[in-house]
Structure formats: structure tokens, C-alpha cells
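Given next, in C-alpha cells, is a single chain: the form predicted alone.
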């Protein structure tokens, strides 16, 4: 037998592998193995350790054991309870099983033992250094091996022992360790081990990164939990009643419930952390808390579903308002488009018209028709930009602007938002609020509206903005350009009557506790209230007078215990007193130098009586009546035109050298301006200078040029209604305004004759009486408006 060959008892190992020079404890429990150890202890204590290919087998055969193993020496033996023994073994050298010898009790194998002596060269030295460096990194990153181990490894000079020692410390699979054990040659062994160490190093480093990431996440949660518990304990000991941690947790729950956008949520959570870190008595605690409350109260993700049924919307709008055809059509169009396009942005509508015509209440009806929330803010007198955009949080008492406050009040991100009296805003050293509204009322920009207080963009593109104004000429042009203007004209007498009977009278009777069987106000009485006690474009004064009638009726019922009160047109004066206005024409008879014009005002249309008189002088023109610059220029233009027509009007050539002219517009305390009184001024001047009378049943409106052309003007419907209120039979207006007559109600067009002119000569031919006419026309006073002066005296007494 070869000197390197010997017969040894064999211990099959399960899931473990022993390298040469490796010292390890092994627990032996199988009967064959226990018998083999007991026999060895009485001899040279050498045993052959080989690893099973499959660790699960209890009784392995020859084919289930690796051929190469380790010759080891049993250093110690310790018997354990239950018949098991624990041995301490030290690997001596590699060995290969040559053959299995027959044994009844345990395995005996013939083993060839390999020598571990190798000559070192430069290649082996390089491989050893590379292995040491990699193993050093492995020890550093894995932290499973004591750092003292590195000291012993670095001092090893034998390449075989170095390789086996490093392999024993590595956490490798059994088959990888067996591959190292199978490699007898030192160079391939070092190369294989270096490759395995590099691979294991990469895995360890990746594990370390994963562990760090996981640990950070876990540590953050655990750290926060521990810190909060500690803060709770500290606050409990200090008697802190505010319980800041509980407040922070409550705010975080609200953040999760609010479904904020990602950027908004991150910012809000940072503010909550900041609040928790502040001392309880810090002045900024209240500021941060109020800020968080404002953020969380905003409807970032809350919206209402629109009612897109056109028929139902029409019924709602008609039930709330009489007339107003254009605004209603616009809302129905909006709903029709929404049925086809779900991505339509919010509309921006401007309702322009005189007071009392229902602009504000129409906005509320639109919200009801759409089933949206309704918000109204009044901009009248607002002169601070911060009212719209809010204040910076650094200021004491800072708060969001009115837009954000309105959304907070609505609790929805798509309400109907009414900006009332947008033409009444002004500006001063604190900024221009109308400029701040440019972003709000622009569908292309308001999806990222930024309030100075909130400091985070809020989407306003789903909001339906409705603005109201009496005079659109006072709205800045850039702001007006962003809105769709719908003009709402004043009501006709018939429309006022219908509104009163359908809406105002039932509303006031209910408000005053009057049932239908307790009071009856006739239709003729309401009509007489409209004619004799109100003169307005809207119906506010009409509602006040109806309320007065209801109060009088209630008083009479309570005092006399009447069952039912009837208020007729004949008894109206008993309740409301003498009529304030009289249904009559502007002038009772034709006069020289007096012409009736038509004017547009913020409160609707009105008649304008212009008086001209002449007296001895030197051709001076005097203008009175608190006239604006434009109206003064119109008077100068009219005067120049009349002077240029001396021959045609048969005016004495020396008239203007010897006479002064005075133009006066009554109601001198009221400012008047505009170019539309041009032809009226020219007519009054021509009448006063020529001595020809002006027809008293004719009213006129139109701008005049030096050449006598009559130019287009606006506000036709308001002016025509004003003329009808005072009993005018004919209206003269520019030819270019002929198209505007189509917008008038049929009952108005049928009672007034319209004359359309292009030149002032046509006007003079219509309204100036011939010079030879001396007959005094009958005074035109409708019988229903006449009253006896004795009644006035009775009222005074």
C-alpha cells in the first residue's frame, strides 16, 4: 500500500463540510457514526469526514457521498443525554476515497491523502494577495466574521492553508465549498476561491444596500413612534394640555382624508412636522395651525355633479325669473355643450344692466338649475389687491383672498361664483384689484391660480364665474375682454306687471303673513303703482310699494278685524298717497327752444329736456346743467352746425353778433355726459334762434357731426322704454340703429312711431313747426294721470 493511502472509519456529514486546518464541533447521533467514533478513540483518533450529496438521507449509500473529503483528528469527545456525542475535530489534509471496505457496523474507506506542500511563485503570491484583499472587504461588509480573524489570515504564508481558511469562513452553498475541496492544485483553487469571494462580495454589498434601505424605512417609522411616545411621556410629566402629538396625528388623518394632490400633500405634511417641533408657547404656532386649517378646508378633490337635463333647467330658470331670454339661452347652451364635451372649462359671463333687473338673483337661479353650490362676493368699493389674492403669511392677521374663502365656503371646486358689482372696484396705493382678477377670469390661466396666503396653485378652471355690472365702460378693457357680456335691459310696463303678479306680490304676502283669503290686490292697482309711484328700469321700488300695500292691509285687518281687504286702482291713493309720477308727455304743448332727448344712465333710460333761450349780447354761448366734457363738445358742435346753416334756416345774418345764447339742461345737480344728445341740442338751438316751435310728443337721440351727419348711439332699449314711460309718440334715432329695434318687445314697437335719419336736416323737418303756425295745440294729459290740485292741498293739511 502507498504511504499516502490508509484505511479510516468514515463519518458522513449532513449539510456541513470540514476543510483542512479547520477546527469544529460536530454532533454525532447516528448509530453507525457513534460506533465509528468510539472505535477511533481507542486507536490514533483519525477519521475521514465526507459530506453527503443529499443531506436529507439518514442511511446514505456509497453513491450518496462525495469522493473527496478531509482526514481529521478527533480532539475531544463529550457524551450527551440520549446517546448522542459531541466531538471536536481538526482537519489535517484532503483525501480521496479509493474504495469502500466491508464493515457491518460503520463505513470503512481506503483513502488517498494529498500533500498540502506547494512551492510559492509570483503567480501564487499575486493570487494570495488578491484573495486577502477581497476577503478583507468581505469581512468589512458582511459583519458576520470577527475582525480579529483578518489578523490571522493576513499572517498566513502557506497558500493552501490560506485558501482553506478563507473558504471555511465564507457563507457558501455546500456544492460550492465541495468544489473548492475537490480542487487539489493550488493555482486553480485560489482562482476558484477568488471568483467565489468576488461573487459573494457583490451579493453581500447588494444585501447591505437592501438592508440599509429597509432599515431606514423601518427605523423612520419606529423612530417616529418612539419619539412620539417619548414626547407624550414628557408632556404628561410637564402637564402640557395641548397634546401636540395628538393634534399632529389628527391633522395627518385629515390630510389622508382630503385626497390632496401629491405636491400639496408633501407641503402640508412638512408644515405639520414643523408645527410639532415648535415650542407650545411660540407665537408662530397659531399662524401655522390656521394655515393648515385653511389648506385642509379647501375642496381640493370635492366637486358636485352637474344636472345636464335642459328641460329641467329651463323650468327652474322660468320659475325664478320672467323674461331675460338671452341669459337663459346662454345657460341652456352651456348645458347642451356639457352633454357632448365633458372637458369643457368653466364659463365667465358678465351680466350688464341697470339695477333691479335681477342680475344677482339670476346667478342664484343658474346655480340651482345646474345643482351646483352658489357663492356670492361683492366687489363694490374693493380697492386692495389682497382682497382678491390674500395676504402673505408673514403679516399679522393674514388670511386668504375672497376667491379662496368663497371656495372654502362652497365646499366644492366647481361652484357658481358670482362676483357682484365688478364695475364698482377702484385702485389706490395698495394695488389694483381688477388686475388681480385678470388671472381669476381667464380660463387659460386660472387652472393654476395662486393665492398669496395658500402659496400653492388651486385649479379654478371648473368654476363658473358670473359677474354683474351696471356700467361696462367702467370695467378695465383687459378684464372686460376676458368675459362674455350679456346685456340685460330694463323691463317694460307689461313685464313689470307680470313680475309683480307672479313673483313680488306672492312673496310679500307670504312675508307679511297674508293668506289669499285675507287680501286681494288687483292687477289694475299694480299697473297704477307701476305708472304713478315708480319710474325705474328694475322692480326694486315696485317691490317696496307692494310691501307698503301689504303693511297697510295687515294694519287694517288687525285694527278692524276685517276678513278680507280689497285694494283696487281707485283706492290706491288711500294707501300710498298722491302719485309721485304722472303718465304724461315730457311737454304739455309745443314750445320754442325746448326739445326732448333720450339719455342712458347706469340706472336705465331717462328723458332729457333741453332748454335754449336767446337774449341781447355779443354771440356768446353759455352751457349750464352740470354737463360733462363730451356733452359740452356736442353743444359746441351743434351750435357751429346751426350757425353754418344761416341761409337754409333763414336766420338773420347779424343775429349772432347781437344776441347771446344760453343752453340749460334741467336737474342741474345731476352730472350728464355723452354724445347722444347732439341732435337734441341742435334742434333746441335751431328752434330758439328761428322762433319755430318743437313738437312736444317727439323725443330724439343721436350724435351729430359738424357736417350734420347723425351717428349711431347705444342703449336703444333703455331709451325707448324711458320714452314710453312719459308718453312719447315718436322717436327719432340714427339710421344705423334701425337693427336695434328688433330687440324691442312687440307691445312697445306697436305704440311708438320710429323715424330713422341720416342728417340733422331730416330731424328739423320732422320736429320744427312751420313759422306761420299760430294755433295753440291741445294740452295732452291722459285722464288716468290727471288729478285735482285740491287733493294735493288735502295731503298737505
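Here the structure is a predicted model, which means the values were calculated and not measured. Numbering follows the first chain given and starts at 1.
Form predicted together with a small molecule: not shown, discussed below.
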Exercise. With a 4.5 Å heavy atom cut-off, would you call residue 533 a contact of the small molecule in the model of the complex?
Worked result: no
Exercise. Taking the shortest heavy atom distance, is residue 389 within 4.5 Å of the small molecule in the model of the complex?
Worked result: no
Exercise. Even though the small molecule is not shown here, does residue 725 get within 4.5 Å of it in the model of the complex, heavy atoms only?
Worked result: no
Exercise. Wondering, does residue 503 line up within 4.5 Å of the small molecule in the model of the complex on heavy atoms?
Worked result: yes
Exercise. When the small molecule is placed as it is in the model of the complex, which of 304-312, 317-325, 92-100, 657-665 ends up with heavy atoms within 4.5 Å of it?
Worked result: 317-325
Seminar exercise, completed: in the model of the complex, the residue from 415, 354, 593, 433 with a non-hydrogen atom within 4.5 Å of the small molecule is 354
Problem set entry | Selected contact from 520, 636, 361, 133, since only one has a non-hydrogen atom within 4.5 angstroms of the small molecule in the model of the complex | 361
